[in-house]
Every structure is written in structure tokens, then in C-alpha cells.
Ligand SMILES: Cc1cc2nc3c(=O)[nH]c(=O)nc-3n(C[C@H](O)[C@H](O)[C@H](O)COP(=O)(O)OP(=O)(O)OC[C@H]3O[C@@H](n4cnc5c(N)ncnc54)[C@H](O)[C@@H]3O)c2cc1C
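Single chain ahead, by itself, as C-alpha cells, in the form predicted on its own.
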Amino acid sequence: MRNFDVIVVGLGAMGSAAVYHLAKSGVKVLGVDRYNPPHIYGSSHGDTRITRLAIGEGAEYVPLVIRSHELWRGIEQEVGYELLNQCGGLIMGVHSNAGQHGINDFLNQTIESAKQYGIRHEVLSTQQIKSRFPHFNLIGNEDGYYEPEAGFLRPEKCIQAQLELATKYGATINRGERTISYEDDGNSVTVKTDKGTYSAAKLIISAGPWINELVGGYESVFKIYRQVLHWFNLKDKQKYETYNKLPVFIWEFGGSFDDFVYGFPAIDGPDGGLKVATEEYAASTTPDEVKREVTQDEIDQMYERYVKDKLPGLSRECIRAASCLYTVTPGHKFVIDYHPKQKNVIIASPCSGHGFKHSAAVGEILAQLATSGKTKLDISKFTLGS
């Protein structure tokens, strides 16, 4: 049986960041993933993820994303390719919007977070949004928030970079190895996989939608939901440059929880389409049961409700579509905490549909928890019982 200081199970957004920080600090760390990350089966794929400094989900998240941006820039220097593109971010909301991610007044909470932390931003009227961003066919009573330092991350490249660097710094990375079980005897943790048995002083479980397979008894806390991403073609390819210069956007256009759409600039050339999506929470699923393929009916429904009248420059043609999984907690809060009954096991489920932007800092936090039991950033609101 091989012995390590720390074992990390699940090498997506949080796990890859954790093994990177642990290895860089000289810790003997093993990372295990059932697939070959970055892969298409969890929550960290689809080319882009929004990042924004002012966080409408709560001001407690702002220090995480500020630190993450610092870390991403440092990682870029180490690997030599871009991970973070700060193209700007636009949030729009009608006065009667229902909010998102557990927050009823998402737009105003974002503005308050920006004021609290001195984040550069502009508050825009409906007319100002129309003038600067004519791509959107507004309802007519939207308020807007523009943040120049927002943008998007390249999730697959972020995971790839962190795993490359973790290996460089001495981490052991076992891909294609499924974790079956673990046992915390109070002194150390033993992890059994389909290929071997390992021990460590600490175990970090960052298994995303597979968390309920490993951590029993919390199925009511960690719910898994299927999400769908769409890339719709441009009607006029000659206007590609204007769509390429768009900010990332979040648009709350109605009074229901699903009356919102988000998207990205067109970054894959005139024939690459523009990525848009919404969020769905009608029925929970599991990684084994989820329907991976996207049907034409789903594409048609997305176009009719979220694209046709709101982004009139996009055609009905969907160039590609993909599904992914959200692991969602009550109130869409993060969980970064020790298991309440297993003192050597750390559970990391900072996700709930808004986690990737924070993942670099979360990895650093997990490394600090596993080695010293203390963190530089405040995570008191991310306990398993909160």
C-alpha cells in the first residue's frame, strides 16, 4: 500500500487546483480521477465559464474570485498560454426578475458587492444598454451592470494547466481509476480504488456529481442537475467581429426562476457560433442515469424561448450542443468543510452552478486545510451545516 500526505479524489476544477497547490508546496500528494481530465462527463467542460469579480450570490464569495484571478495570471506565466480573458461582463435585469442561484435581487446584490470591494463598474439604463450593445432585443425596463474586469475562463485548459504543473512539482496523478471507498480510522485515511489501495493523513473529496457515491447520507444536500449548452450560428457572418467583441452576459428577463439566459462572445470564428445557455432544475439525476445527448426538441425550445426574440442576430441553426452537470446545495451555497464525523476527510463541493470562477482560490484553500487546518481566506459560511 502506497502512502501519501494527501489524497485528492476527483480532478476537475477544484481537485486539479488542490493537487497543484499541494504539490507546489512540497506535499506528497496523489490525485485520482475515474476519467482522463479534462473530460466531458462532469461540470468542467464546454470551452468557457463566466468569471466576474462582483458576486451577486453574496459578498462572501468576492475574496475567492479576486484571489483566483491573481492565481490564474500566475499559472498563465508558468504554462505560457491564456486561461483568463477579461473581455468585460454585462448583467441585465428587469425590475420584476426572480433572481438566480438562491438570490432574489441578483443584480442589485452584484452592484452592492462591487461598491463594497471597490470593483470598477458602471450602472446602465435601458437606453445605455441598447446604445452600447444593440445585439440584445431588450424587454424595455432592464437595468444593467457592466464590469470591465469580468470575462471568461477556459475550463479545460485550466484543468490541463494545473495537472501539468502538479506533475512537474512531483504529484502522482492516476487517471482512469475509480475510487470505490475510503475509511477514516481517526489517524489516517485508507482509499480503495479499482486498481489499488492507498493511505494518507488527509483525504480531499472533490468528486463533483459523483460525491454521493463516496459520501453517504447527504443526498438531500447534494442534488445533481443536467444542464445544456448551445452554440447558435450567426445570421450574418460579416458581423462576426461585433459579436467577438461582446462581453459575457447574464440577462434576467422575467419573473420566473428560469427567465434568464447567459452567454459569451463569439470566439471560434465566423462559423463557430455563439454560446448561450440557461439553467434547469426541474428534475435531479445522477452521473450514471443522466441523458448525455441533446435532442433537437431541446434545441428548438431553447431557440424559441431564449434566442429568437432576444438575440435576433442568431439563427435557428445550432452548430453544436453539449450537456453538463451541476451539483447544487440548498441555497446554491458552497461546501468547503471537514466531514462532521471524519476528521481527516475534507469535502469540497463549491459549485452550485457558479463555482469555476472561484476554483483556483478554492484549491489553495483546500491545500491549506489539508496541511495546517487553517485558511487565509474566510470560509466560515461554507460549512456543511450552513
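Owing to the predicted nature of the structure, the values given are computational and were not obtained by experimental measurement. Heads up: residue numbers just count along the shown sequence, starting at 1.
Below, we turn to the form predicted in complex with the named molecule, even though it does not appear here.
Participant: Give a yes or no on whether each residue among Phe4, Val189 and Phe222 has a heavy atom within 4.5 Å of the named molecule in the predicted complex.
Facilitator: No, the whole trio is out of contact, none within 4.5 Å by any heavy atom.
Participant: I'd like to check something about Leu214: if you look in the predicted complex, is any of its heavy atoms closer than or equal to 4.5 Å to a heavy atom of the named molecule?
Facilitator: Yes.
Participant: Is there any non-hydrogen atom of Ala370 lying within 4.5 Å of the named molecule in the predicted complex?
Facilitator: Judged by the heavy-atom cut-off of 4.5 Å, Ala370 is well away from the named molecule in the predicted complex.
Participant: Answer with yes or no whether Pro63 is in contact with the named molecule in the predicted complex, where contact means some heavy atom within 4.5 Å.
Facilitator: Pro63 lies outside the contact set for the named molecule.
Participant: Look up in the predicted complex whether Ala23 has a non-hydrogen atom within 4.5 angstroms of the named molecule, and give yes or no.
Facilitator: Answer no; every heavy atom of Ala23 is more than 4.5 Å from the named molecule in the predicted complex.
Participant: Specify the contacting stretch among 177-185, 293-301, 81-89, 231-239, defined as having any heavy atom within 4.5 Å of the named molecule in the predicted complex.
Facilitator: Selected stretch: 177-185.
Participant: Just one of Lys28, Arg67, His332, His39 has a heavy atom within 4.5 angstroms of the named molecule in the predicted complex, so which one?
Facilitator: Contact check passes for His39.
Participant: Enumerate the residues of 342-371 that have a non-hydrogen atom within 4.5 Å of the named molecule in the predicted complex, in sequence order, or give none.
Facilitator: Result: Pro350, Cys351, Gly353, His354, Gly355, Phe356, Lys357.
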